[in-house]
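Take a look at this single chain, the form predicted on its own, given in structure tokens.
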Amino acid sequence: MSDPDKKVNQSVVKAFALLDAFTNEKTSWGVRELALKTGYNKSTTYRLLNTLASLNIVHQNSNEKYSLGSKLFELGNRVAIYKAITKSTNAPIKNVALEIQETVLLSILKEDQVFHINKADSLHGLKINTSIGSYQPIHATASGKLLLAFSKRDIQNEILKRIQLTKATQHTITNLKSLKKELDTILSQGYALDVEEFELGLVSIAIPICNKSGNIIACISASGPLSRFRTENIPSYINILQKGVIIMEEEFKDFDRL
């Protein structure tokens, strides 16, 4: 039997031990006193604090003591925002899933990938593997291609320079020229399709969710088996998805990003 402790990164454990020392009563620490508090030697404490400072998790004050930084505040707010988004979008995406009879996902662009922030399962019993909080490749999914196509051109170009067009199935677009052509088509027609590009037997369709300025901030998609998908039903799929979009665009109209 494997030792679970061997799977734990001790540097991460020590870093969190340092962070746990910051409280409402004790908001700043010097290197020496924090080393005494945690039982770590001074050099280890200093190295960890420097690393945390480089990530804005802590910052060094003018008196050379350390306080919690803006990154933790940002992450805490992000968790609160995602919880609020999940609560406010549960009803519309469940209604869409009920009517379209496929699995519905609410997704955003994050770290050059698709990040799924809410989901309503299909009533047909098909449970796709995608879960809330999971990532998928931007070039091989309807949601990813949609989010990329509707991004501002400079942002799109930068992402295209960074990402690897990894092959998921024999239908995945792995050529940059072909992907750019696909993105232009998506932008023109207003929706994206993934026909077995990420998973064999699975088809997805996605449409954008925009703020009051008309900038895309998220997308909604429906995914189901190839056996049920009919191209002649695309207008119907879009009309049903649009019912959810109308509600969520009102909810997100003042957001710049999610």
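Between two forms, the rigid core is defined as the largest C-alpha subset superposing within 1.5 Å. A residue's number is simply how far along the shown sequence it sits, counting from 1. Values in this document were obtained by computation on a predicted structure and should not be read as measured data.
Form predicted together with the DNA: not shown, discussed below.
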Legend entry - Partner-contacting position among 212, 42, 59, 26 - heavy atom within 4.5 Å of the DNA in the model of the complex: 42
Inset, instruction - Could you check which residue among 31, 193, 52, 216 gets a heavy atom within 4.5 Å of the DNA in the model of the complex? - result: 31
Legend entry - residue 232 within 4.5 Å of the DNA in the model of the complex, heavy atoms: no
Inset, instruction - Please run the contact check for residue 47 against the DNA in the model of the complex: heavy atoms, 4.5 angstroms, yes or no? - result: yes
Inset, instruction - Check whether residue 66 has any heavy atom within 4.5 Å of a heavy atom of the DNA in the model of the complex, and answer yes or no. - result: yes
Inset, instruction - Tell me, yes or no, whether residue 236 is in contact with the DNA in the model of the complex, where a contact means a heavy atom of each within 4.5 Å. - result: no
Legend entry - Did residue 13 shift 2 Å or more between this form and the one not shown, C-alpha, core superposed: yes
Inset, instruction - Inspect the rigid-core superposition and answer whether the C-alpha of residue 237 shifts by 2 angstroms or more between this form and the one not shown. - result: no
Legend entry - Displaced residue check between this form and the one not shown: residue 228, CA, 2 Å or over, core reference: no
Inset, instruction - Compare the CA separation of residue 110 and residue 13 in the model of the complex with the one in the displayed structure, and answer closer or farther (the difference is at least 3 Å). - result: closer
Inset, instruction - Looking in the model of the complex, decide if the C-alpha atoms of residue 13 and residue 134 are closer or farther than in the form shown; they differ by 3 Å or more. - result: closer
